[in-house]
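To begin, one chain is listed below as structure tokens, in the form predicted alone.
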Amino acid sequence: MQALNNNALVAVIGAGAMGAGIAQVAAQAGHPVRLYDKRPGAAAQAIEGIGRQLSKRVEAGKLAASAYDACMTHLQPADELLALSDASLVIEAIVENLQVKRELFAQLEALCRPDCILASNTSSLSITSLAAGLQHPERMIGMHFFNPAPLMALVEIVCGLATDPELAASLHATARAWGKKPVFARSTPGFIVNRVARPFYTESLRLLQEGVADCATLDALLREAGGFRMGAFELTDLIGHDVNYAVTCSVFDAYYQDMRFQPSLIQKELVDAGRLGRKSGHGFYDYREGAERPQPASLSSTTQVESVVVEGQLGALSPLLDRLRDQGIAVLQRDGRGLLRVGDAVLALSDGRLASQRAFEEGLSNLILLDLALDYRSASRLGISWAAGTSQAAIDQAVGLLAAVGIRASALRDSPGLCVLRTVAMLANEGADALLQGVASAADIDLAMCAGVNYPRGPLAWADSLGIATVTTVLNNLQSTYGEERYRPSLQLRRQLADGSLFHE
């Protein structure tokens, strides 16, 4: 299916940050664009703002003057809806209110030409519901950009129950022609990103509520071990807790209070207190002038390590051995059940059980569990926890081993799945469930999470790399420990475990 011709008029309704950003994207792609807002003068002011931003890029040598002129020539304010009647595509970016949007689309259907595509930038409302009152609901589609639209690559092309598949294919091609990375999604609560991303926030919030570690330490582990650009507390402070909490509640309610999406009382308390994050000056962190940023907790040890013993296969932890060898640490190999011994300490990758539980069940003394890392060859920090009764000498030996290869160790209270591992397992589980329910393809789910929220690896690709059996074991152990449906493994994971298939063959 072909993209819209560059001569096709694109209309954008709503001159706020999102609407202005979408208008800029379409204009820079070469389309004539009309921007409308019901507030008098708002569209013209938004275009002036676009001009100021692009002028700065020209001055910095990041944008050619000719590109600036072309973009600004394509942008025009519209004083009334009637001025949008000859548009080929109308993208709505107004308040997230179902009734208000429905009324607008009813007006547009009567006003615009019969072949005009009606698109909503909604991040949470059902496209099927938005189209329900239209005479021709097949014209209605979601075109969900991410903020800021000129910079963020992802666009979710969201199909409602009646959406014409050819129309969806055309918009997908159009978004690609605009330099974006489009994905197809079915109109279900949260679409792809706002659904699959929920565990990234909720697992850190639960760990904080359970006293596993402080915000700075948990954030540092997600960054320095998990490879995520920001930790959950940093990110929700940036998004705004009013926005993030509202989305979580919306998804939770839309899925009939499925406990996988349960909102956090800690975040609700911040919202109630008006501590909304960066925009209010205080959230999980204090952004007021003079405030000091808390540092992640790190363990220290002077223990020198010269050799380790590897028993059996270490699975995902194996790349750490190359790092040890590079530092001149002798690695001795023998048969066993996937353990790493250094002095008195017995180290293993977490499998979702409590350290004390695993030590008891496997008859291990001085058991110390390591958290997951995106790449053990480059990780600069790891979370560790240990079983009750573990000696200080064993802890020092484990910390000394990590320090010898440049890895800082952060102590976590004994908790199932630690930090990064349980977060990744839950992201993979949610991605698998979205695949199971036909929300999107495996490729589009992973692309959406990488392009939309900058994940270092798609959750389904991560499950393939870690091993679907490992992910399923971690989830089973989390569910058993907590006794909650929240951690139930997706049927999709169980199916692929049974038939031995991967998400990306």
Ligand code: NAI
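The first residue of the sequence shown is number 1, and the count goes up from there. Computed from a predicted structure; not experimentally measured.
Missing here is the form predicted together with the ligand; even so, the following discussion is about that form.
Relative to the ligand in the model of the complex, residues 36, 121 and 145 are all within 4.5 Å by at least one heavy atom. With the ligand left out of view, the stretch that reaches within 4.5 Å of it through heavy atoms in the model of the complex is, among 406-414, 121-129, 323-331, 164-172, 121-129. Site annotation in the model of the complex: the residue of 10, 493, 13, 25 reaching within 4.5 Å of the ligand with a heavy atom is 13. Put simply, of 344, 96, 253, 375 only one has a heavy atom within 4.5 Å of the ligand in the model of the complex, and it is 96.
For residue 83, no non-hydrogen atom is located within 4.5 Å of the ligand in the model of the complex, even though that partner is not displayed. The ligand is not shown here, and in the model of the complex it never comes within 4.5 Å of any heavy atom of residue 497. Although the partner is absent here, residue 238 is not a contact residue: none of its heavy atoms lies within 4.5 angstroms of the ligand in the model of the complex. The ligand is not shown here, and in the model of the complex it never comes within 4.5 Å of any heavy atom of residue 266.
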